[in-house]
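Okay, here we've got a single chain as structure tokens, the form predicted on its own, with questions on binding and movement later.
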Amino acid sequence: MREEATAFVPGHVTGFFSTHPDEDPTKAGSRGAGLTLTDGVEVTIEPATESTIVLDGEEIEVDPVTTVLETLDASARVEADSDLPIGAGFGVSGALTLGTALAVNRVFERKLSMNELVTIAHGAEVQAGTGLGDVVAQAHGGVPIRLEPGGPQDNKLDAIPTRARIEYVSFGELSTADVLSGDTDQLTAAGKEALSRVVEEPTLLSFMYASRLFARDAELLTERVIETIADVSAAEGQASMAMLGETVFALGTGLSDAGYEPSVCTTHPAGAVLK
């Protein structure tokens, strides 16, 4: 057993998605596309007599992280530092969960493969209602396109082969669990249409356009987000809404050009890694 291990998991901004439930949480999930970010979450695991989860110095409860610890039969202190706000559409819960799985596997020498760990983390997220596609995207990195739902044994991933500067501003939280527990028929129809568009033309501009249409057609836009996207568009930039949060992300200098003071990062070239 090691004294500790640390994993870095990129943030993930979903542009659009469709929901695909299944009785088996490792097979359930979403189709869609998003951006992984160099801003992310660093998770450090060390053995402890009682499991605790600490994010940015504050003890919290994160159901999927607890599930991962129980699944891997590990009692540990989970200490995480995040560049990103929680509950605002950046996949922080997924990052915490996947980072925990990777670091626990090393510390407690569970000898599981990457796909096995991603499957455990993905299933825990789905079960908790905190995410449907973040974990598999964060394990992949880049600009992943989720063509089929579920964990690695079931899903199918592609990607837009590019890197880009990304700006973002966040105005607040939206509850992923509340949206996913409601009627998702309209959302899923909009997500399928958006995915078809990006598969036909896998470029960042196509992704941004499809994301904006999805946010409108799925009726997820808030007044503040609508106003911000319009400001970026008026400055001849490309922006859309992060799913699911009251957050706007833009390519290049879109938000800066529109007069905002955004956080700045780039798309992450690789997936989650042990440090």
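Throughout, we count residues from 1 along the sequence that is shown. The structure displayed is predicted, hence computed values, not measured ones.
The protein also exists as the form predicted together with a further copy of the same chain; that form is not presented, and the subsequent description refers to it.
field: Selected contact from Q186, Q127, S75, T162, since only one has a non-hydrogen atom within 4.5 angstroms of a further copy of the same chain in the predicted complex
entry: Residue within 4.5 Å of the partner: T162.
query: Based on heavy atom distances of at most 4.5 Å to a further copy of the same chain in the predicted complex, which listed stretch, 75 to 83, 166 to 174, 102 to 110, 187 to 195, is the contact stretch?
result: Selected range: 102 to 110.
query: Is a further copy of the same chain close enough to R212, A215 and A234 in the predicted complex that each of the three has a heavy atom within 4.5 Å of it?
result: Contact check failed for every one of R212, A215 and A234.
query: Is N115 a contact residue for a further copy of the same chain in the predicted complex, using a 4.5 Å heavy atom cut-off?
result: Contact with a further copy of the same chain, yes.
task: May I ask you to state whether T71 is within 4.5 Å of a further copy of the same chain in the predicted complex, using heavy atom distances?
output: T71: no, not in contact with a further copy of the same chain in the predicted complex.
query: Quick one: does E148 come within 4.5 Å of a further copy of the same chain in the predicted complex, counting heavy atoms only?
result: It does not: once a further copy of the same chain is placed as it appears in the predicted complex, E148 has no heavy atom within 4.5 Å of it.
- prompt: Though only this chain appears here, would G87 touch a further copy of the same chain in the predicted complex if you measure heavy atom gaps against 4.5 Å?
  reply: No - in the predicted complex, heavy atoms of G87 and a further copy of the same chain never come within 4.5 Å of each other.
- prompt: Going by heavy atoms, what in 34 to 52 lies within 4.5 angstroms of a further copy of the same chain in the predicted complex?
  reply: Read in sequence order, no residue approaches a further copy of the same chain (within 4.5 Å, in the predicted complex).
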